[in-house]
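Below: one protein chain in two forms, given as structure tokens, structure 1 then structure 2.
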Structure 1
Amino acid sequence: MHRLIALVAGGLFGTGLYLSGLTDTTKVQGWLDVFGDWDPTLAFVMGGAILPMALAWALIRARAGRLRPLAGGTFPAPPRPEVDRRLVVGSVLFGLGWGLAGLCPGPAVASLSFGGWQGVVFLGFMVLGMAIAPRLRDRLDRAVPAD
């Protein structure tokens, strides 16, 4: 059951990324290019994606305690409130890479279906970055003075 749901969710995700144009790097860079030829498409993608998700969260809240995930288990805990150094430093690094190549993790994976070596190179270095991320996390934690 878990696996079938993962396949359906992944399929919907991939279809959405493809149809919305998020696999097109010029579209992403066009959205970020506020001082150039700005392309607002990504705002429509974000807005469209947030709608069904907001409904899902609302359903879970409305049926708090009575609703369980279809395949069993529990729903995610409420989001942590604290904004820490990791969140800010990590997001800035991510934004830097996103702007440079116009790819983020989901579309980079979906782009594999089109062939081309560029997506493979990007993904290879992304995996390398993910592998060394725990070291940067530790360093950021150590940089915070103990109180």
Structure 2
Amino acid sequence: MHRLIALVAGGLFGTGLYLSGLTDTTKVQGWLDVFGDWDPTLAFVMGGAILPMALAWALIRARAGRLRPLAGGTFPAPPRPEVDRRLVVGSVLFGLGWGLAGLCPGPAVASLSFGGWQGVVFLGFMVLGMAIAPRLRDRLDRAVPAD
């Protein structure tokens, strides 16, 4: 049952990414080009994602211990509110990659079915980056302690 729920949720998420334009690299780059020919339409997509999640976190927090996920397990911990070096460095790298390629992880996976070889290449490099990021983070933490 969990796999069926994951399949339906993943399909729904991918469909939403496609319909919203997040799998269209030129639309994403237009959204990120705030000093040029800016396309603000993706702001509605971002708001449509942030608002329900903020409400869900508030509901979970208000009913702590009394709500359980329908598919079992536990709810993930809410994100930490602190802005630290890891968040800033990660956000900058994510934004640079998103701006250069026009894709982030979710839309990259969603575009595999129609993105051609470029989507496969992007996904390969994204997986490589995810594999080496912990090692780079450890080196950065040793070289420049966060405290």
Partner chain sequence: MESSWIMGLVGGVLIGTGGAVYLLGNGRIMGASGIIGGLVDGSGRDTAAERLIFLAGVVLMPLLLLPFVGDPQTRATSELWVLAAAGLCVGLGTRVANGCTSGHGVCGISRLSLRGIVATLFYILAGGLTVVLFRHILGVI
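For clarity, every value in this text was computed on a predicted model and none was experimentally measured. Superpose the two forms; the largest set of C-alphas matching within 1.5 Å is the rigid core. Residues are numbered by position in structure 1's sequence, first residue being 1.
**Q** Just checking, which of these two is the form predicted on its own?
**A** Looking at both copies of the chain, structure 2 is the one that matches the description.
**Q** Pro105: with the rigid core matched between structure 1 and structure 2, does its Cα shift 2 Å or more?
**A** Where the cores coincide, Pro105 shows only a C-alpha shift between structure 1 and structure 2 that is less than 2 Å.
**Q** Quote the shift of the Cα of Glu82 between structure 1 and structure 2 to one decimal place in Å, the two forms being superposed on the rigid core.
**A** Residue shift at the C-alpha: 2.7 Å.
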